[in-house]
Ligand SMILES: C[S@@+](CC[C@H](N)C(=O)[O-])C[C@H]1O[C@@H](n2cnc3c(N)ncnc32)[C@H](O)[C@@H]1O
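Below, in structure tokens: the form predicted on its own, a single chain.
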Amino acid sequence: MGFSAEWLALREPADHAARDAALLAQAAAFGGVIVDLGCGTGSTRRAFGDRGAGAVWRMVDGDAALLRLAGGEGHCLDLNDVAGLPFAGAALVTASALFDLVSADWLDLLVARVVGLRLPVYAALNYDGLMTWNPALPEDAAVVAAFNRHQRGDKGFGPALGPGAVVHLAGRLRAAGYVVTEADSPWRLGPDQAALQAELLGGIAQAAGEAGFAGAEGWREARMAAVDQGICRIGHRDLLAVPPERVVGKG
């Protein structure tokens, strides 16, 4: 798994606009030491903004170059080593656009650690498998199906959960007694985000082609011809999971 700083910068405005505001505010209220997994260049920290004032950000990523841009307390680590993640003294674990890339086994190990430490989890911008465009094209459904198959391939953590990540994570945390709240956080991209749409279309078409859809490049070309007028919606889900003893108003 790897992402460029340029791609992360291009998508950040859409990410910030998409996050569910209520869940973000609730997550920021925990304060203290926040461990941000797969932090990239620090977009989650910037999304918290003033709401995260006073928090100590423990930034975790396997890419040292991205970590240098992230701010906070950098930890260059292999995220596959779940037992080695720096959770000591933490108040909150966050991850954005990460859990759809990991395997069920990896996520189960993470859940076991956070539950054992009674840590809240804020997981934002997890792809949910839903993509739509206006105007529609006849090939859209086939492209989405092929892309979703590709999303379940190995992204560096074993066979990825892809669009099933939030369902899996929410189920495991609810089974552990956590109070779990979910919300939609879709990208809504219009002509003013043509550059992001163009990059996105290239990535979708490449993945769909690798997953066996022969018409992926023709679909990309047709979509690119209308990118200055087209609108697309890319579905994501946000999740906040809190041990019952830490829910506001209880205990």
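What you see is a predicted model, and the numbers here were worked out from it, not measured in a lab. Start at 1 and count along the sequence shown; that's the residue number.
Just so it is clear, the following notes concern the form predicted in complex with the named molecule, a form of the same protein that is not shown.
By the criterion of a heavy atom within 4.5 Å, Gly38 is counted among the residues contacting the named molecule in the model of the complex. In the model of the complex, the named molecule sits beyond 4.5 Å of every heavy atom of Ala141. Contact check for Leu101: a non-hydrogen atom falls within 4.5 Å of the named molecule in the model of the complex.
In the model of the complex, the named molecule lies farther than 4.5 Å from every heavy atom of Ala55. Each of Asp61, Leu79 and Phe157 is positioned with at least one heavy atom within 4.5 Å of the named molecule in the model of the complex. From the list 89 to 97, 163 to 171, 146 to 154, 112 to 120, the contact stretch for the named molecule in the model of the complex under a 4.5 Å heavy atom rule is 89 to 97. Only one of Ala47, Leu196, Ala211, Leu66 lies close to the named molecule in the model of the complex, with a heavy atom inside 4.5 Å, and it is Leu66. In this stretch, 42 to 56, the one residue having a heavy atom within 4.5 Å of the named molecule in the model of the complex is Ser43; the partner itself is omitted from this view.
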